[in-house]
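Only one chain comes next, encoded as structure tokens, the form predicted on its own.
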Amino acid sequence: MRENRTEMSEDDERATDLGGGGAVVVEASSNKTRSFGGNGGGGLGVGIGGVVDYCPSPYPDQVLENVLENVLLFLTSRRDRNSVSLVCKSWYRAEALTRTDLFIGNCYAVSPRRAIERFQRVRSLVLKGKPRFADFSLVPPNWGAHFFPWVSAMAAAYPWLEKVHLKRMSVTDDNLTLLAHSFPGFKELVLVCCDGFSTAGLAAVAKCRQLRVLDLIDDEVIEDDVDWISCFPEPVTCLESLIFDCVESPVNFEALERLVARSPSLRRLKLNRHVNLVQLQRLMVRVPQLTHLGTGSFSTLDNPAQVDQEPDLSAFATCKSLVCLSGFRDIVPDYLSAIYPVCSRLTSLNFSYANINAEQLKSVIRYCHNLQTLWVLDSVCDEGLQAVAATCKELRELRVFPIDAREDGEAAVSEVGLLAISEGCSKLRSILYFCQQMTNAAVVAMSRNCPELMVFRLCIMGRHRPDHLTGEPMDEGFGAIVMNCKKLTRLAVSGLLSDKAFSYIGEYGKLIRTLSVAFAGDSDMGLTYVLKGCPKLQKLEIRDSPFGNSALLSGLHHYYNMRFLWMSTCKLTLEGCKEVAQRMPHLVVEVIGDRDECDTGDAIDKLYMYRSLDGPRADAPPFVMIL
């Protein structure tokens, strides 16, 4: 089970209530699409010869709204704009009229109709669907999050729409065709962890003449043998970013080569595993201006005629602008020396698909003094992480993924690697660390050495594992993180944890917005501490933990202010979930089964709760029961 390797942030800013209440469902920001100019609505003017000429004056409220609209055009912070919309009705209206970028963190929290009625000038939409635990196969297929209602509504309301970013949505080829045909100036499509579409849908989007960005990230793309790469406009494209590393089917390489050659603005290119090193060299020669490159297959195995021939990789030396490298699938470590010339400029390096050992990592990392983001597999072991700590003093983000995610897998990295990173990379802001064993001392050291941490996700893969040296729960380690890291907004906990750890989180985690809990806790009091003590909490996801009805009911005061709550394999009952639904009528309470029909027994396997301004959804499948 691999953590999703996506680029869209999971920790977004606080949202605004479309209905004027306290719900957090929509976030938005604005581009500077207008500027000050003209008379500004003034009613008093000076005529020829100094004679004062009185012109009709608008109502004072109208003057204020005109001024406010012009001011708001320069306000881009989501949080600030959300605060503005809550001041009064006139500010609410003015703020809505100036939003061009709309963020909706839950596609079921508001209907397309309501969003369109309020925000009438949207040019960019970010829309999220399924819960994050869908990445771990905990959400059954065909659960929902369909894009069709949104694209069909926007086609009529926003003919000027330019950008769509979707995450964990169900998207069909017909949806993509409608998107491509409805928006003449469409420029940007980003699909993250989406499914339901094929290369035929990609072909429709590729035909958009002004398309600048087509990014497919961790999607499940159906293979239907359509040559979508050949569908981009001739003779020149506007492409700035093309990412298709998740597409499992081969692409027409000759068409791809011609495409990059006629895309002078292309800066980001990430290839799938069917593009080998020899072909990569040919592409790089045509686009030396690249800043972000995903290498595809870092071998020559797809070209049997050249297996015994050393590929020419001199193109890396000519790419003077490269700052981000990823890919390295099916890697042949002997070819890693090809990237040495660009390592000193790299700020981001993604080896999360490269099964390399410590020595192979060290051969590269010794040149990466400016690296700020690093993703690796745990095959690099503690020794590899020690080399990172010794070299990468500017590191801001580290993710260590497991090759073997089984609970009884071998320990490849441990507290030794974590301690080394904390001692060598004091500027660290975010860490995701999969391991089999850990100690409180190492986590406490990280909290002291890296006090600027905003994201701390420690995933001890074995269930209920204590400090492997002392046998004590991991309470003090996680307690130190929330106490010493004052800017912490996202936390994932695991290992053997008692209610004491959750009391620390409730007492000190005042800025935490996202909390993930797995196989942890003693009793209902643990969750109660969190729900009563974390006022900023937006997203709470819990699996395989001993929390029941009492814990669930302790959060009634806060659920309207949260984006969602997910609980699976806990100790909830149908009676407890029904009580929440009865006492909070504007909360959608979904009980999710695993079969064609929802289990109507008293024990609840999966619970998903979220605030909706439009009530329960109409597209719930049979295995979902909405209380």
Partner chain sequence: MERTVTYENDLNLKATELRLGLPGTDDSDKQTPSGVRSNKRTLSETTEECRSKSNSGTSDARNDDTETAPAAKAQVVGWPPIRSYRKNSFQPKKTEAEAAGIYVKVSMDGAPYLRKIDLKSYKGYPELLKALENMFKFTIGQYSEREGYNGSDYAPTYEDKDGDWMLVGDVPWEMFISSCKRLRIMKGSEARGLGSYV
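Just so you know, these numbers come straight off a predicted model, no measurement behind them. Residue numbers count along the first chain shown, from 1.
One more form of this protein exists, namely the form predicted together with the partner chain; it is left out here, but the text below deals with it.
**Student:** Can you tell me if D225 lies within 4.5 angstroms of the partner chain in the predicted complex, counting non-hydrogen atoms only?
**Tutor:** Contact with the partner chain, no.
**Student:** Would you please decide whether P466 lies within 4.5 angstroms of the partner chain in the predicted complex, comparing each non-hydrogen atom pair?
**Tutor:** Yes - in the predicted complex, heavy atoms of P466 and the partner chain come within 4.5 Å of each other.
**Student:** Can you tell me if G471 lies within 4.5 angstroms of the partner chain in the predicted complex, counting non-hydrogen atoms only?
**Tutor:** Contact check for G471: yes, within 4.5 Å of the partner chain in the predicted complex.
**Student:** Quick one: is M284 in contact with the partner chain in the predicted complex, heavy atoms, 4.5 Å cut-off?
**Tutor:** No, M284 stays farther than 4.5 Å from the partner chain in the predicted complex.
**Student:** At 4.5 Å between heavy atoms, only one of the stretches 419 to 427, 370 to 378, 148 to 156, 89 to 97 reaches the partner chain in the predicted complex; which one is it?
**Tutor:** Careful reading of the contacts points to 370 to 378.
**Student:** Using a 4.5 Å cut on heavy atoms, which of Q538, N449, Q279, S352 is close to the partner chain in the predicted complex?
**Tutor:** Exactly one residue meets the criterion: S352.
**Student:** Sort through V71, V236, A405, L556 and report the residue having a heavy atom within 4.5 Å of the partner chain in the predicted complex.
**Tutor:** Spelling it out, the residue with a heavy atom inside the cut-off is A405.
**Student:** Just give me the residues of 229 to 250, first to last, that have a heavy atom within 4.5 Å of the partner chain in the predicted complex.
**Tutor:** If the 4.5 Å heavy-atom criterion is applied to the partner chain in the predicted complex, 229 to 250 yields D245, C246, E248.
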